[in-house]
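Encoded as structure tokens, the following chain is the form predicted alone, with no partner shown.
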């Protein structure tokens, strides 16, 4: 295992203190954390079981698997009903107010935990953890930089992977292969139900305008009714765009980047719409600083889209997304969300993806997505890669 991907204890201490501060402020005595993404956030590893996190003091790890995990704070645990006994042996009282990840655990698990621990009051730990994870630590930021650099490296290879006569899914498979060879983990996490997708999305021509049931900026038909999103088995037609929206999951911390390619020359309208997106990114970097409201960004960009004459194509055509960006991290869709309804203000240490896109019927989607770090003075672009439309060679 590459030790560069293992967070130092000093960084884990920052995260632990941040979460405990939020838990204490919310009136919680302790929390039970069981989802892999949040266990990883607090420990740097993944195990099956629970973190017992007091509002003050050291956490305990109740571990079901793996069986070889050892340490002073590690307690072998077969089922949640054993937790109260284990706490009693350590002279730890069962908490009066207990928080758990109620947005993510099943109802059955909730009932078992409640019956085992009998807390007088309960709270939602999911929202507190997502709030803590919005602000990245210095070590986490370096993980983003690594992912973004590898992400750009692979996108630079995309034109060499294309062959005339390829279907969307065949082209996507070639990109996925190269991503894996360059160190991609091969999957990424999403927050929320019904948000399944594998590695990313490649859409060309008419398929870019196919509505999807999933809450992503663009849809696509997919190759099977059980996963109706993304690349299809349609041939990539000459005169259409190919938008590639893959996640740079070369570490646990993901960059998000979209770039546009063309098979042959495109109608002039495609280049004009694409330039509007590029200009939006320039405006974002010029005007955004800590304290900027996410809703202001959304409204400002919506106005630009309207004045450009592409309002009906903005963030979709047949079906339009109601956001223009989102936080990224251990999940691809973290807060804050750049939407009209957001109450969040940008803060230093946040990492956000900004993705103004336009869908042109029969031509395809245009527009870029970049990942940005919010700094004390403004924004730093992490995904540095060619932003114009790149024409794919007609390789035989």
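All values reported here derive from a predicted model rather than from experimental measurement. Residue numbers count along the first chain shown, from 1.
Below, we turn to the form predicted together with another copy of the chain, even though it does not appear here.
Every residue in the set 78, 194 and 319 has a non-hydrogen atom no more than 4.5 Å from another copy of the chain in the predicted bound form.
In terms of contact with another copy of the chain in the predicted bound form, the residue from 288, 104, 308, 190 that brings a heavy atom within 4.5 Å is 104.
Note on the partner interface in the predicted bound form: the residue among 267, 159, 211, 264 having a heavy atom within 4.5 angstroms of another copy of the chain is 211.
In the predicted bound form, another copy of the chain lies farther than 4.5 Å from every heavy atom of residue 335. In the predicted bound form, at least one heavy atom of residue 108 sits within 4.5 Å of a heavy atom of another copy of the chain. Contact check for residue 89: every heavy atom lies farther than 4.5 Å from another copy of the chain in the predicted bound form. Another copy of the chain in the predicted bound form is approached by residue 44, whose closest heavy atom lies within 4.5 angstroms of it. Heavy atoms within 4.5 Å of another copy of the chain in the predicted bound form are found in exactly one of 151-159, 225-233, 298-306, 269-277, that being 225-233.
If you take 348-372 and check each residue for a heavy atom within 4.5 Å of another copy of the chain in the predicted bound form, you get nothing at all.
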